[in-house]
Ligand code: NAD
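Have a look below at one chain only, the form predicted alone, in structure tokens format.
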């Protein structure tokens, strides 16, 4: 019997994973739709660029005011599409607001022309200036776990540099992106400068094709596909991919603080953060005490759906297949000898919830210690010393983030420098994403390129041009050397040139 493929829906329903309720609908765009967006964006970008940075700064400042006026609405939308607690949604909004403030204040200096400094004998009599201008059209593809904040962190510097942006939000969490577009339009941004490409993989692939630069955040598997597709047109990319972030707890650490850091770092947003703490290595003398403190705190966490601040701590699993992966990792660990001290199963309630879980007696034969779990699961392993902890921390294809916990800050910094990760905190967890002047990104399979990063973070969205200016009149020039008699004699002596090669 002939099998007929089901017709794709022209729209996508957005479901709250905490309740199962459909909270919105967005169009499912085709490749042709995205190409039409790109044509409009390139027209609008010229107007946006000619406004100059002063004009663009006014839009960013006004956008921050809009965000303040619409704070509750934005938080409610983030919570509705992701199911996450209102407190977690507030963190996202705060990051977005701070991104607007940072780039409005600093982008002009980062984009200013730079005159080369320092001695350069070959350039005597010339000036060398590096200038930065927008690439044109930036494609941004973001995931579902922290949709709003990541969209703001990437789109804001791209727009501040004078580019147009096409944002492809996750089809699971597209509603907060709609508010970003509304924010910019209400703040005076020309139509077409910031647009949304709603849809699935077809729309995402088309965004790669039409863009001059692609900023992607998501899984390693999809990131490789983005890079492969972009390579066909030699389009630049930055990729922020997965992580398996280690935490090292030394015997002299403040265990109360370390336990709180572990619980926060592992359980925030139900563990659905690329820089979540996903494995902990604890020196043997303090292992039992540390584990007891962690379990005590995890058992106090409140799981559920709520539309009020301060009512719950752990929200649902946003991506339906992800909860199956979490279950598989815990099941594999238990089968290989791990013990569950708390949690360890789906919550018996409506919605996609997994109980906050602590595992012990774990090792690197288990998936939960080697593969990205991306859920509220914290495996804790006993180690003999810091050397073993560092070795195990680096025994991974990932290298996004890590942390070291010790009373000896100097030793902590030395150990952090040995952890193969883009960022390693000492006595802290996940705070670095708010440091907009510092580069954030990974090593190894955790990606390439950096977001935030101050000057580098906005210049990645720019074309770089060098202009040299000969300030002296052309009279009698040595073909390959400037007009310095002593320098000419020096080089001729070095290469054994005789006579005068002039024009």
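Not measured: the values here are computed from a predicted model. Residue numbers count along the first chain shown, from 1.
Keep in mind the form predicted in complex with the ligand is missing from the figure; the text below concerns it.
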Legend entry - Heavy atom of each of 88, 307 and 354 within 4.5 Å of the ligand in the predicted bound form: no
Legend entry - the ligand contact in the predicted bound form: residue 225, any heavy atom under 4.5 Å: yes
Legend entry - Close approach of residue 145 to the ligand in the predicted bound form, 4.5 Å, heavy atom: yes
Inset, instruction - Answer with yes or no whether residue 241 is in contact with the ligand in the predicted bound form, where contact means some heavy atom within 4.5 Å. - result: yes
Inset, instruction - Evaluate residue 76 for contact with the ligand in the predicted bound form, applying a 4.5 angstroms cut-off between non-hydrogen atoms, and reply yes or no. - result: no
Legend entry - Contact segment among 307-315, 377-385, 134-142, 77-85, judged by heavy atoms lying within 4.5 Å of the ligand in the predicted bound form: 134-142
Inset, instruction - Tell me, out of 396, 423, 170, 195, which residue has a non-hydrogen atom within 4.5 angstroms of the ligand in the predicted bound form. - result: 170
Inset, instruction - Could you spot which one of 261, 412, 199, 343 gets a heavy atom to within 4.5 Å of the ligand in the predicted bound form? - result: 199
Inset, instruction - Select from 210-228 the residues with a non-hydrogen atom within 4.5 Å of the ligand in the predicted bound form and write them out in sequence order. - result: 216, 217, 218, 219, 222, 225, 226
